[in-house]
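What follows is a single chain, given as structure tokens, in the form predicted alone.
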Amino acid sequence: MSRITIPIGPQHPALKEPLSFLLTVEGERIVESALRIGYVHRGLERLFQDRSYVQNVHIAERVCGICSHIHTTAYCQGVEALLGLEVPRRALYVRTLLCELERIHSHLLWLGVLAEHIGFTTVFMYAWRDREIVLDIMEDLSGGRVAHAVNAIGGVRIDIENDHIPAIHARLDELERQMEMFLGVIQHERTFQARTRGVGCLTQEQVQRYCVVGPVARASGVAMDIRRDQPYAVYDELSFRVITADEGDVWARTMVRALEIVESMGMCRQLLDKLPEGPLASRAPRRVPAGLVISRCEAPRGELLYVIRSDGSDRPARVKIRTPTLPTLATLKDQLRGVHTADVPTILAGVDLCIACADR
């Protein structure tokens, strides 16, 4: 059978961001693939060097539109470590709450995108409808649905009023009821399983070789989560499970993310119930002592790493970001080999790529 090459991207209905593939196919089966990135480079790491530490909080928030809060969390806790600054516990509770709300909305957005790519438009509509529950909570707390501007060096800018807490619990109850429906579809709907089981498989060895992180790694049996393994904020005060699966396919990644939503809702309840009294921020000097720090957080897609180097001025000498998407991109060559062309959108959606994060 003759081989032909099919280009996909950088603009294509199966891609939510610019990315380019060259797929070599025999009939309907892919035998080889080549990947090219670099279409949306924004020079954000260079912008960090031209602005003060305070201004850079807003630069960090714009690295990713889906998980903006976790980027500012990683950045701020890195600068706070260089300053030797103690952040008030109430501020850390608010930070952690927004991190988990952001995880829920990111996973629901991803579930909708995956469902649309496999032709399951009903789940897409339901997932994005229920995601509004979380976005409404975040908007009520911060005033923003995408960029929340919650974090500041030394603490947070917003507080949670006592009369907000019962309303947030009620909305979480509503979302919890909806998650039962989603879990039922994932576990029992034959069409969904036919399009996701055995598709885009990664073994535990492949995950470790490519240094994959986050739900993609956990769906292949790698029980790794920064929230548990190297706790930050107040994660060491929370009770939660690290969700894993052994199948390593798109179905396993769906189950991991769906169950992580359930765990995140539980953590949100704990944070609201344990919210301590106290100030929201510590005063931070504008100049940061010379030094180097590595700040790690568990973003919705996996481990997020900020390397910040200070030269003693009011601007960082260097900020280097390592996002979870980058190692996942390297696995696509293995995931696409041998699958049918109809499974390409499922695989691309299944790993939850963020090209804006990767290209920066």
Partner chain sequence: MRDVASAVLTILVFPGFGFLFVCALAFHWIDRRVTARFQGRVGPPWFQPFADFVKLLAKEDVLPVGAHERACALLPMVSLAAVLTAALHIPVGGYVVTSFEGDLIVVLFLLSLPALAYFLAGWLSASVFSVVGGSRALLQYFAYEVPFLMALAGPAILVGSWSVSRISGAQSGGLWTLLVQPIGFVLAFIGLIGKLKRSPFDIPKAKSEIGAGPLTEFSGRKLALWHLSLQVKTVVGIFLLVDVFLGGSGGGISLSGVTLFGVKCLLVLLALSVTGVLYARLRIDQLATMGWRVLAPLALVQLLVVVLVGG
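This structure is a prediction, so every number in the text was calculated from the model and none was measured. Residue numbers count along the first chain shown, from 1.
If you look for the form predicted together with its partner chain, you will not find it shown, but the lines that follow are about it.
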Discussion item. Counting any heavy atom within 4.5 Å as contact, can you tell me which stretch out of 75-83, 265-273, 208-216, 125-133 lines its partner chain in the predicted bound form?
Written reply: 125-133
Worksheet entry | 4.5 Å heavy atom contact, Y235 and its partner chain in the predicted bound form | no
Practice prompt. Find out whether any non-hydrogen atom of R337 is located within 4.5 angstroms of its partner chain in the predicted bound form, and reply yes or no.
Written response: no
Worksheet entry | V199: touches its partner chain in the predicted bound form, heavy atom cutoff 4.5 angstroms | yes
Worksheet item: Within a 4.5 Å heavy atom cut-off, is D343 in contact with its partner chain in the predicted bound form?
Response: yes
Worksheet item: Just one of C99, I261, I118, V87 has a heavy atom within 4.5 Å of its partner chain in the predicted bound form. Which one?
Response: I118
Worksheet entry | Contact set, 192-229 vs its partner chain in the predicted bound form - heavy atom within 4.5 angstroms | F192, A194, R195, V199
